[in-house]
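What follows is one chain in C-alpha cells, specifically the form predicted alone.
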Amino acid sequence: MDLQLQGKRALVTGSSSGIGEGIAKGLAQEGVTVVVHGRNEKEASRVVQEITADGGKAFVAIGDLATDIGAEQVVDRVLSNLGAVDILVNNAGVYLLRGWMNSTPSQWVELYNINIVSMVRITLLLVPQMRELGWGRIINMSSGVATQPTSTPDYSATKAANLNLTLSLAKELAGTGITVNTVSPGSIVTPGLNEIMLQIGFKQGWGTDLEQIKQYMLQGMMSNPTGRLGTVEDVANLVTFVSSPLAGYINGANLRVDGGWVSTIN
C-alpha cells in the first residue's frame, strides 16, 4: 500500500528514544523528512544517523517544550530546516511511578505542564502554518490509562486530558484540511518500560530475569487478549497510517494499540 507520504515533513517530539524513536523511523521509511526532537543531543543525533544510514532524511531539534522559550527555539529550528511541517506527532512527556499519597499538588502541576501544556505550546506554534498549507496531521500520543486509570493518578489524569483536547482541537480546525487524533498505546516494550518492570519485579520478589518478570506481568497488570507485550513498531505502524492522506476521514478519534488491555469502550 502506498501511503502517499513521500515528501511530507514531520516533527516527532520526544523521539530520541522509545516509542517516539520508533515513530520517527517509521515515518522516515515512508519517505517523510523527520525532525527528531529531544533534550539529549547525543541520543537525538544517534536516531538521525540511523535514519540517514537507512536512506531516510532527518534533522535534530533540541529543546525543552516545558517552557515557552524552549518550544519557540524548537519550532524555529524545525522551520529553518523544513520550511513547514505537515505532520506533528506530540509524543514528548514523562511517566512517573507515584500514587495519590506520595505526590504533591506542585508535582501534579509540573507533570501537567510537561505532558499537556508542552503539547499545547508546540501545537499553537505550528497550526498557523498548517492552515496556510491547507493540510496537516496532528497525532497526540496518550495511553490506555487515559480511560482505564491505574495507580499513577497524576500521569493518568494528564493522558485523559489529552483525549479531551484532541477532540476540541479537531472541532476547532474543522474545514482546514487538518485532522487531529490520539493514539493510545498499552504496554510497549521500551528501555523505559523494561526499567519499570525490573523495579516492580524487585518489589514483588520476582528476581531480576526480565523475561520472567514479563511473564508475571502478562499474568497480572499487563494481561491482554493477545498474550504479549507491544512493540514500538506496533505503535509506529498505526501512527504512520494516521499521518497519511489515506487517513483523511479519521478525525477526533482515540485509537488504542494495547492488545485489548483496556476493557471499556472509548
Ligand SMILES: NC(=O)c1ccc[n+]([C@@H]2O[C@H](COP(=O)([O-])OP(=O)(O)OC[C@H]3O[C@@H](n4cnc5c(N)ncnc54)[C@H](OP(=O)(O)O)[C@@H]3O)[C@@H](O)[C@H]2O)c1
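Everything numeric here is computed off the predicted structure, so don't read it as measured data. From 1 onward, residues are counted along the sequence shown.
As for the form predicted in complex with the ligand, it is not shown, yet the points below apply to it.
Of the candidate stretches 172-180, 101-109, 125-133, 152-160, only 152-160 has residues whose heavy atoms lie within 4.5 Å of the ligand in the predicted bound form. If you check the ligand in the predicted bound form, you find a heavy atom from every one of 66, 94 and 186 within 4.5 Å.
The single contact residue among 75, 193, 165, 116, judged by any heavy atom lying within 4.5 Å of the ligand in the predicted bound form, is 193.
Among heavy atoms of residue 16, some come within 4.5 Å of the ligand in the predicted bound form. Contact between residue 40 and the ligand in the predicted bound form is found at the 4.5 Å heavy atom cutoff. Contact annotation: residue 139 falls outside 4.5 Å of the ligand in the predicted bound form, judged by heavy atom distances.
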